[in-house]
Structures are given as C-alpha cells and as structure tokens.
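We begin with a single chain expressed as structure tokens, specifically the form predicted on its own.
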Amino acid sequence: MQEWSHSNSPVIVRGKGFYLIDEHGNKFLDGIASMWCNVWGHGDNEISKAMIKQIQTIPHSTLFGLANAPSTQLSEMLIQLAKGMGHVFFSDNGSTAIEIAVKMALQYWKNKGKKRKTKFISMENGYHGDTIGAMSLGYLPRYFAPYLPLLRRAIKIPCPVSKFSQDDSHDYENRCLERTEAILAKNSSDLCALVMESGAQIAGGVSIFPKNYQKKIGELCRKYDVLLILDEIATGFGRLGNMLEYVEQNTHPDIVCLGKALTGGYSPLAVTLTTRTIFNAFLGESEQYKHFYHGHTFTGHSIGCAAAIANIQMYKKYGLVTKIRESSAYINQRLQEIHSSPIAKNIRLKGLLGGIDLYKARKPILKLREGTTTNSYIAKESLARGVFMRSLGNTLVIIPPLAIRKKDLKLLLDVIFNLVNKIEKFA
C-alpha cells in the first residue's frame, strides 16, 4: 500500500471498445477485463440499451414477497444453461453467492435431520472471496492471515496441479484423488460439503485442473454423501472456452455459483443455483422453520438482471464461445515465443485464461534488484506501454475481455513478452 500511496494512478473517466480512457485522454487496453468480468468491452451495446430501458420501466423491485419480470426471465434462461440445476437464488457479488451456498448446504443437512454434518472441505490454494465464510473456505495466508481469528477454516484437500513436481502428472493426479478420498472417508459423517473452483484456480495461482478431475471429485462426494459446491464465478461464461465449465466436464454438483461475466461486466450481479432435491428440503410448514433465511435489499436487481439477459443473448447472437476458442488458439501459438526465456516457467493456457510464472534459479521473482516488487513493476510498466495489467505475485496472468479483438490481443501479448524480457535483466 505504501508503494501505491505514492503513485499517481490514472483516473478513468470513460471507456471505448476494449480501452479505458483517463482524465487526460490517455488510452489503456483493459488487459485484465476489469477484474475478470468484462466481456464485450466498454460502451454502448445491447446490454447498455437493455439497462436504460429497464431504468425507464422500473429500476428496482424487491423479491421479498414479490417477483419481478427480469429476474423471472433470467432464472428461466439460467436453468436452461445450467444442466442439473432447478432453482436460482440472486445476490450482488461472488463472495455473497458463496456465503449463500455455504448457508444453503449447512441448512440442507439440518432440515434433513443430520445436524452433525457441519464441516466443509475445500482445495489448497483455492480462493472464494473476501467475506468471512468465503475466506474460511479459501484461506490463503498471504491474503487473509490478519483475519484468521474470525475464520472457521475448512479441511483442505490437495490441488491436482504441482508446478515443480518431478512425477508424472497422471500419477500426481491419482495421488491427489487418493488423498481426497481418504479425507472424505475419515470425516464423512461430519462433512457438509466440498467446495472447489470449477475448472481452474485463478487468484490462487492460475492452476488449470486436469480434464475430468472435478467429475471424479463429484463422484467421490456422492459416494460419501457430501454435497459438491462448484465456484464458477470467475471461470464460467466462456473464460475456459466453454459456456459453463462444469457442464462441459459432465460434473454433477449440488450447488453452483456464477457471477463476474454474468452481466458482461456492466452491473453487479451473482447467482447461486441448486437442484430441486436441495430446494425441496427447505419446504415445510411455517412453524418448522425450514425456510432459507437470507436476503439483500437489492437481490434480483432489475437492472442487473436486464443486463444479464441481454448479455446471454449476445453470446448466442455473436457466437462468442467459438470466438473465444479462436482467440485461445492464437494465444497458444504466440506463447511459443516465450518458451525460450530462462525466467518464464509453467506456461499454461485454457480458453482465455493463461499464466506465466517468473522464476530465477527455481526461486519466484517477487522483487527486482532495485527493490521494486514484481507486482508494482508490472502495473507501472504496462501502463507506460498503453495496457492495464495486474500480476499475482510472480505470476503473469493472461485474462483479457472475452470478446477481445485480435489486434488488441496482439498488443496485450506483445507487452507481456516485453515485460518478461525486461524483468529477466533486472531480476
């Protein structure tokens, strides 16, 4: 924070296409999709028009005892997309969607008369948000150590991605599954749910899971009568090259959380979806108190729902998932250029999520010789080159807006490769 407090960060006043424009007219390519949520860039399109129309109709109508038209329509669209899900619960952001999922899972077992099932399992290096329950699940010491007294930490299972393992990756994956099953078997009578990101971890270091790994985790959850909660907030809606990653991987979760790209990045909105089986456990007479007690003032916000409806329609209209796969193929081709760098390690890519770890003599490059952190150097130097980027420690993240044009993607990759070469000299 001391580094940032002495910096003169640009003040963004408008956007055009995939660029952010500051108060002095300087343009910066939005290289991190405005924290991983932007799909179509910035400016006037079908989403903004739908939001304006909704504002003129009715901007917000509570879901407490009523329904509203946009939330009803969006729910129907999401149920069509989200295979296996039967019901939708609205919230404002990803962290809150996770909190809802946790409460939902815990009360499900209570309503079923299994009050012992109160413990949660999550994956090492997983990240699920910054609120108390979300931090408890995705405890990363470098982010959350000061808040440890507030947390009720989850039991951890191994991540199936080992960056420097000398073992065959398939053998390592099998060992992770064996360890996970041992933990499930030992604790099954007390376990409420297993929570994991869907397809990949992002904030925890850009770890892309082996194909079908989460399907196997789901099968273990069913074997030991533990709910599976998939966090697809950052990885859904095309980020990994599939509309919904869990559907592509033929996984059968009990609860799924979606957010970020849900509205194309135009409005805050998130959802927690669940099956009819989970929903039915909350039905009963009023004096039984089986109902789900959770709500926010702006839940199912009409403007956000209108944005999400238009966004999903645009995916189909413009064939966005196909475009994402074409952009991914271009990135994969360009990444061959960086393989010869002595500091670029563990280069990986799936869809429009990529990572390049910066190492020197097997040690992560977290600071440069003059004392500047890698994070702040990349942020400052990328801006000087007309691109806004943020790294995760020593990991350069490739995570552009999903509909990015090829010429803008070329600029982003050119800047990334230039920065790797610069860091090699200063590390």
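For clarity, every value in this text was computed on a predicted model and none was experimentally measured. One rule holds for the numbers: they count along the sequence shown, beginning at 1.
Not on display, but discussed next: the form predicted in complex with a small molecule.
Peer 1: Just one of 93, 162, 72, 275 has a heavy atom within 4.5 angstroms of the small molecule in the model of the complex, so which one?
Peer 2: Exactly one residue meets the criterion: 93.
Peer 1: Please pick, from 127, 237, 209, 266, the one residue with any non-hydrogen atom lying within 4.5 angstroms of the small molecule in the model of the complex.
Peer 2: Looking at 127, 237, 209, 266 one by one, just 127 meets the 4.5 Å heavy-atom criterion.
Peer 1: Given that the small molecule is not shown alongside this chain, does residue 36 nevertheless sit within 4.5 Å of it in the model of the complex, heavy atom to heavy atom?
Peer 2: Flag for residue 36 set to yes.
Peer 1: Do residue 254 and the small molecule share at least one heavy atom pair within 4.5 Å in the model of the complex?
Peer 2: Residue-level check for residue 254: no, no contact with the small molecule.
Peer 1: If we define contact as a non-hydrogen atom of the residue within 4.5 angstroms of the partner, is residue 245 a contact of the small molecule in the model of the complex?
Peer 2: Flag for residue 245 set to no.
Peer 1: At the 4.5 Å heavy atom threshold, is residue 260 in contact with the small molecule in the model of the complex?
Peer 2: Flag for residue 260 set to yes.
Peer 1: Based on heavy atom distances of 4.5 Å or less, which listed stretch (94 to 102, 306 to 314, 141 to 149, 109 to 117) is in contact with the small molecule in the model of the complex?
Peer 2: Of the stretches listed, the one contacting the partner is 94 to 102.
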